[in-house]
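Okay, so here's just one chain, in structure tokens, the form predicted on its own.
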């Protein structure tokens, strides 16, 4: 697909990653339609307000326009929320994904990029997570994303809808004020003068990938025919929670109290990924953690306190 002159539907386009995807695809010449539970901050964006689990909402998404590609970001993305609300997680992440695929199939859409997660694989059984690791999710969040991947595999094989499951690590970047992931939590505690709680002993390691590197992967999944099936997207460098806290202190110059609370159920002890397949497909991460967090801090440092309070 050539983005210039194409029309792309972005589910969850009002969210943290979605806003950056919409901006990038628009700059590339695509016409964008967003479907989300909330309005897009840019009033000029074509937005359908609704739930993707509602068949009427999906029907509206494909009305009046010929949709060439879909970026599927809408989901229950919180692991903790998925444990607390498994039914809602299923309805959004599985039933909603199925309805979107049906709408895309009926509309003759050519390509779909899906925001999946390396949590579909569960505990590490090898030195690094690759696309070939078997699916063994530990939480409703991981399980529903795995179910979405399986649906997409079938729609690719049977209906010719080329689906790419972009298995993301921990995403951070500008515009994440409403997120509750570790980088946003650290920024919030600095700006609001709070203490920071580490879940468990802090030895658990994660890979952190910048949101603009994610946007580049989404663009490739739409436009490059080689992208199909699962593709692991991560920086390729993992840090412990203690390392992240130390780096954020060094970058921001802030000192704040740090405590430890109980580890969360279903938390993977380590996420160390091999992004070699994505590199073969032409994707390369541009942001190391220190550079990326410096940009995040530059934004948060200038926020008014009200903007730092959510959620």
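These numbers come from a predicted model, not from an experiment. Residue numbers count along the first chain shown, from 1.
The next section is about a form of this same protein that is not shown, the form predicted together with a small molecule.
- The contact residue chosen from 74, 218, 232, 109 relative to the small molecule in the model of the complex is 74, the criterion being a non-hydrogen atom within 4.5 angstroms.
- Out of the listed residues 143, 168, 183, 161, 168 is the one that sits within 4.5 Å of the small molecule in the model of the complex by at least one heavy atom.
- Using a 4.5 angstroms limit between non-hydrogen atoms, residue 120 is distant from the small molecule in the model of the complex.
- The small molecule in the model of the complex is not approached by residue 300, whose heavy atoms all lie more than 4.5 angstroms from it.
- Using a 4.5 angstroms threshold between heavy atoms, residue 270 stays clear of the small molecule in the model of the complex.
- Among heavy atoms of residue 266, none comes within 4.5 Å of the small molecule in the model of the complex.
- For the three residues 3, 62 and 69, a heavy atom within 4.5 Å of the small molecule turns up in the model of the complex in no case.
- Partner contacts here mean any heavy atom within 4.5 Å of the small molecule in the model of the complex, and among 243 to 251, 275 to 283, 36 to 44, 256 to 264 they occur only in 36 to 44.
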